[in-house]
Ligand SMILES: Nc1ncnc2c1ncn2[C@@H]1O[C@H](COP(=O)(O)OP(=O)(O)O)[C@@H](O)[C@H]1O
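Just the one chain here, laid out as structure tokens, in the form predicted alone.
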């Protein structure tokens, strides 16, 4: 099971919209997909018309009194399930701090899901905390929506610096621009400058359109209620680009592992036979 986190230290950048739409597109491609709403505000849960379980508190999950598979809800969309948020998640970091190996708890908790799902999406709250560290340690790929603003660029720098300090340099970090208004020259300038500073930023960007905001009113993924819209096409292009990047990283890791297994490379002219 691959784990894809959608996160940003800064709020209001389109994390939930991204997580819901990408999870829907992943499921539509035939992959068993689960979206775990880790934000106590529960926007993804609301958007997928889910309801929190009465016994799904963060404390019970972390103590082992509840297992994640017990709490999964069907969304009504083929292949897409939901782990709904709970308001107690606001204290997730507090309860994590009380456990042994607190930065690894989320990864351990997800293990029972591995035989069930192909992809687990994590819709994460803003900020950086012990929960954020758990997410970054558990994830194979981190998708970072960025509004073209100086503060967004600053928090991306902070996130990259944090990963370097923790030596998590093998984590696939995929930022992209969200809520882009092409009519604003500042957006264009910031996008160009940030792409030069962070070449890993995805080419696809998501515009600031009212059609995308209607997701909250419809309480449904955009591709579900507007499958032929231009906005849906953009999210499909974004997901295709993410899939390509992840595939390239997997291929690079496979090549590196194969080289390591083969042992040190020896030039033909350095072999004993060649020297005779």
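Numbering follows the first chain given and starts at 1. Here the structure is a predicted model, which means the values were calculated and not measured.
Keep in mind the form predicted together with the ligand is missing from the figure; the text below concerns it.
At a distance threshold of 4.5 angstroms between non-hydrogen atoms, residue 225 is out of contact with the ligand in the model of the complex. Among heavy atoms of residue 208, some come within 4.5 Å of the ligand in the model of the complex. A residue is said to contact a partner when one of its heavy atoms sits within 4.5 Å of a partner heavy atom; residue 212 meets this definition for the ligand in the model of the complex. The closest heavy atom approach of residue 216 to the ligand in the model of the complex falls within 4.5 Å. Only one of 174, 179, 153, 159 comes within 4.5 Å of the ligand in the model of the complex through a heavy atom, and that residue is 179.
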